[in-house]
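Below, in C-alpha cells: the form predicted alone, a single chain.
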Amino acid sequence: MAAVTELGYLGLTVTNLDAWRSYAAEVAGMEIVDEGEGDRLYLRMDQWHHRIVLHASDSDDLAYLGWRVADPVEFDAMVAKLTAAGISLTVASEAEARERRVLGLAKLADPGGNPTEIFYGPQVDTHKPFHPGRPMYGKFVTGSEGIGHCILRQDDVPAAAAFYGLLGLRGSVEYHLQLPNGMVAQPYFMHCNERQHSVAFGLGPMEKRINHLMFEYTDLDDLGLAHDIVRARKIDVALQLGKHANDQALTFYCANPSGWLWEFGWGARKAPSQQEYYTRDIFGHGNEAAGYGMDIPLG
C-alpha cells in the first residue's frame, strides 16, 4: 500500500520577510536562499534546495505542508488510494511542480482544512554544501526523518487520524494531561518513519492552522547557543527548557516573527514499535509567555 515517507517541506505566509531572514539565520541557524523572485525566501537545512518557503503575504500562517512518497509509482498509487477514498485532490501541472522544486505534486486538504501536498522527487543540491546562517557545531536532523514535526489545527480528531492513517502514518493519543479546569487534554501523535512523530493534533481550538514546528539539532551545543540567542534577544519563550516524555527530546518553544512557535530540540529518541501514553513530561517545560496555545501544564 502506498505510504508517505516523511514530512518533507513547509510553506509559510509571512508579513515580514526581513524579520524572518534574521530569525531563521541568526537564531535558528538555517541557510537563507534568495533566488531573486522578490516575493519569497527559501530556508535550507541540508542539501535539499529548501525545506521551508517563506511567502510574502498580508497574513502569517501555514500555507501548505508537503508529504513525500518514494517515486512516481508510489505517487500514482497514493493518488489512486486517496481518490478511491473519496478525497478531492488535484494533480498539479509541471509548472506547479517546478515551483515546488519537485518532480510530481498533488494538492488536497486535510480534514482541518490545512493545505496538504503529496510529492516525489525533491531537488537536492549535492553540489552545494549546506552553509548555516550562523556558526554551528553540527547540523539539523533531517534525512529519512524529514524536516521535523508540527502540531496542526483539527476540529475533528478521529477524522484527522483517519486521514493521516490513509497517508500511511501510525499513532494514537500519547498524553493524558490534567488541565486546571478539570478536563484532560489528550493530544494525538502520528509517525511515518523513525522520527517519533511528524504530525500531532488535538490541543483544542487554535487561531492559526499551525501551533508549532519542531526541528532538531545533531549537537546539543547548537541547542544551547540558540537558547542563549533567544534569551539575549528577549524573544518570547512559551515553554522553558525541558524534556518530553514521548520523544524524550530536550527542547524549548519560542515565538517566531509570525506569532506562532518554533520548538528547538536535540536528542529525540526514535519511534517505539508499540504504543505508550504519559501523564507528564520528564522535567522542565514550565509555562512562561502566554497566548501561544501552549498554556498547558506538562510537569
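Remember, it's a predicted structure, so these values are computed and weren't measured experimentally. Residue numbers here begin at 1 and follow the sequence given.
Omitted from view is the form predicted together with 3-methylcatechol (MBD), to which the following refers.
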Residue (of Arg153, Arg195, Arg100, His212) lying close to 3-methylcatechol (MBD) in the predicted complex, criterion heavy atoms within 4.5 Å: His212
Whether Val4, Tyr164 and His191 all lie within 4.5 angstroms of 3-methylcatechol (MBD) in the predicted complex by heavy atom: no
Partner-proximal stretch of 242 to 250, 52 to 60, 28 to 36, 226 to 234 relative to 3-methylcatechol (MBD) in the predicted complex, 4.5 angstroms, heavy atom: 242 to 250
Non-hydrogen atom contact Phe140 with 3-methylcatechol (MBD) in the predicted complex at 4.5 angstroms: no
Partner proximity in the predicted complex: Tyr175 to 3-methylcatechol (MBD), non-hydrogen atom cutoff 4.5 Å: yes
Heavy atom of Leu203 within 4.5 Å of 3-methylcatechol (MBD) in the predicted complex: yes
Neighbours of 3-methylcatechol (MBD) in the predicted complex among 268 to 299 [non-hydrogen atom within 4.5 angstroms]: Met294, Ile296, Leu298
